[in-house]
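A lone chain, given as structure tokens: the form predicted alone.
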Amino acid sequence: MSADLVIVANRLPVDRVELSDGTPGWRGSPGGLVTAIEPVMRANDGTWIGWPGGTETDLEPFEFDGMHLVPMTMSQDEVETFYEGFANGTIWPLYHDLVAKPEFHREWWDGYVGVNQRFAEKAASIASEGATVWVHDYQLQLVPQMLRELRPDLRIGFYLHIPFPPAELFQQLPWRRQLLEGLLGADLVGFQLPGGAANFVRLVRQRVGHKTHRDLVYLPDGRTVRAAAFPISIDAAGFQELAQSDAVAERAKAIREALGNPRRIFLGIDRLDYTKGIYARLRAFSELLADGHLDVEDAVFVQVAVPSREQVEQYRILRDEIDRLVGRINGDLGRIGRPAISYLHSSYPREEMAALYRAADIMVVTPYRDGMNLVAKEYVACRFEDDGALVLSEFAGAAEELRQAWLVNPYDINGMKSSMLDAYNADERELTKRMRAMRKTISQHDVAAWADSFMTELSHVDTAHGKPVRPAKRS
């Protein structure tokens, strides 16, 4: 088997499920990356390499919904050192402004190197002569250089879905140079925001010593690497179509009725992660109730917290903290049949998410740091009547594009309270003006445009020298 396009990501675009007859099978994963890459895969007869989760060892390449998928195995030791350890215990908190303290363990690093090497070797064995390989995200930052050494004929792109930190934070990492050199194996390194690309180029100049000019890095072997911003997005038209369906409209109405038809519904939807600012936003809402600015008869907060990395201790602690906070707020401020916060620790299909987006009057997205945050964009896409309000952290990548949201600093509880109250009291005219502008932005810059812009830029690389064959476009 050989492929002209190879996608390399930590996870496959499918999840392991038990079929109705009791046998193991596969189900397509929800998520923006799958939506973005699927059309590119189909157009190029591509192959996707990734881990299906778990520790199964007897998995063979297979077809799913017209896609060629190659599963990578992971031992329990690799799950602990590579995935739970270095990827999510070191890189994740380091790249998210040290919201939690990163840990630096040498055995975690060894696990990370080993898994990255296996992914690189698999991609090298599958890619056809002169193929394009697109590597994704923080779990696989060493793959580009490892792959380059194995297959110098390939055109290699890398995209980081989370923030890339400033030098002051990145240089804490004992293996900082190895990660930078790993990324420099790519011809094109993509980031969510221009600031991330600039951080990377600055670090390469300071820590590796290569010559740079603006968004280009010049390597001693004659290759040129470009670092640029490609803000990821969503299938905006698909979400709008879903939101307009009769089934979603009925479900949204049922949600409002189940909540007692309050004047305003606040909504938060996040993975249960310490970067998302869930605790602070619920506290801000509870203080608005306690201060008398809001009343539980008129306002309710629905918080969906999707289970995440529950084997990791910090995530278990966070879940317990939020459970206690919700119980305390509802005990102090709720009434019979009227809890202040409806808290749901579960994941939901896309249709239910669209119904929640339609039912909610105010979406509250307040991460301490986020590469983009697609939930904010999904909410906007579902507000096809140009109503609703978005309260958005200025530290989410989405804030660069959705400037008409009520932008907040999630560390400033009083500021959040003020903005949530402003959104609650905003008149219809102001809501329409803000939402219409945001909807125009995401419809023009959807996920297809994101994937197309990255692949187009990568296709213009002269693989013989790693140089753009025309002046690089500004993203």
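What you see is a predicted model; the values in this text were computed from it and never measured. Numbering starts at 1 and runs along the sequence shown.
There is also a form predicted in complex with a small molecule; it is not shown, and the following applies to it.
- Checking Tyr274, Phe170, Trp92, Tyr357 against the small molecule in the predicted complex, a heavy atom within 4.5 Å turns up for just one residue: Trp92.
- Shown without its partner, this chain lists Phe164, Trp109, Tyr138, Tyr368 as candidates; in the predicted complex, only Tyr138 has a non-hydrogen atom within 4.5 angstroms of the small molecule.
- Using a 4.5 Å cutoff between non-hydrogen atoms, His293 does not count as a contact of the small molecule in the predicted complex.
- In the predicted complex, the small molecule lies within 4.5 Å of some heavy atom of Arg309.
- Interface membership of Asn88, defined by any non-hydrogen atom within 4.5 Å of the small molecule in the predicted complex, is confirmed.
- At a distance threshold of 4.5 angstroms between non-hydrogen atoms, Tyr83 is in contact with the small molecule in the predicted complex.
- Note that among 154 to 162, 198 to 206, 391 to 399, 127 to 135, the stretch whose heavy atoms approach the small molecule to within 4.5 Å in the predicted complex is 154 to 162.
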